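Only one chain is shown below, in structure tokens, and it's the form predicted on its own.
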């Protein structure tokens, strides 16, 4: 890792450190934050985690998660912690817009800033960038970072559980973004005592009745299949959000159900939020949704998993998305 020597010197004696990650954090965001938190506290640093918005309920079991300060709920406290920090570590995001109002605070800080992230095209707002778009997850990069620092002894069962959580969620239980290197890391984590069966159960078997009924509604009433483009779309309206009392984490993973269909190459989950319409895009194999999100919906992400937003209404956004499909006809056609 480039600049690791400088960062090692920077972290060689106790500092006040703040860890932050993106809005609407997923398993990789929270997992990487907690892994870094427990690693740095073992090194005698004073560490705080400050994130823009609440984490989903299915991650509430994670050790240390109660230590996270949420900007939406504690704005003054969040700002105070940021401004007192010697170092801010940015995990699982590469642009200040991904942390909303915290972005302005981070941008104005004069302290050292470090980014560890696996998304494309990192923005130059930090002093040290560790970027690897081939990594399955930021958690995989945290493992590499700790090893590069020469601190393998700090990867204990708790750090390992946090890392494994991000790997499991960002790979969809090893369905995508895998590599021989990733499996070697996972083997090391299991040897440390990480219980992968327990983690899979805690992460993926945590639905409640409301979430299952919402999933049924999406599949029965809100799913549209465009066979000629091997594309599936699920939409949710503001009325749906009210009817099902949808809260953070309730829609997690719904988009992936479309890809369970044999002939579907691309899935779109399009939801009507209070002020914007959000898009969550997924794909199989070599077809990339990253360019669609980036070029047409002010978003981005990975080849097979990206997101974006629209300031048009839901109907207009869906119409715009469908109108784009002929551009990708060759890649999406059943004969391809």
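Numbering follows the first chain given and starts at 1. Quick caveat: nothing in here was measured; it's all calculated off a predicted structure.
Note that the form predicted in complex with a small molecule isn't included here; everything after this is about it.
In the model of the complex, the small molecule stays beyond 4.5 Å of every heavy atom belonging to residue 45. Using a 4.5 angstroms limit between non-hydrogen atoms, residue 322 is distant from the small molecule in the model of the complex. In the model of the complex, no heavy atom of residue 113 sits within 4.5 Å of the small molecule. Within 4.5 Å of any heavy atom of the small molecule in the model of the complex lies no heavy atom of residue 64. Across the proposed site, 166, 172 and 175 without exception lack any heavy atom within 4.5 Å of the small molecule in the model of the complex. Exactly one listed residue, out of 268, 305, 292, 68, brings a non-hydrogen atom to within 4.5 Å of the small molecule in the model of the complex: 305.
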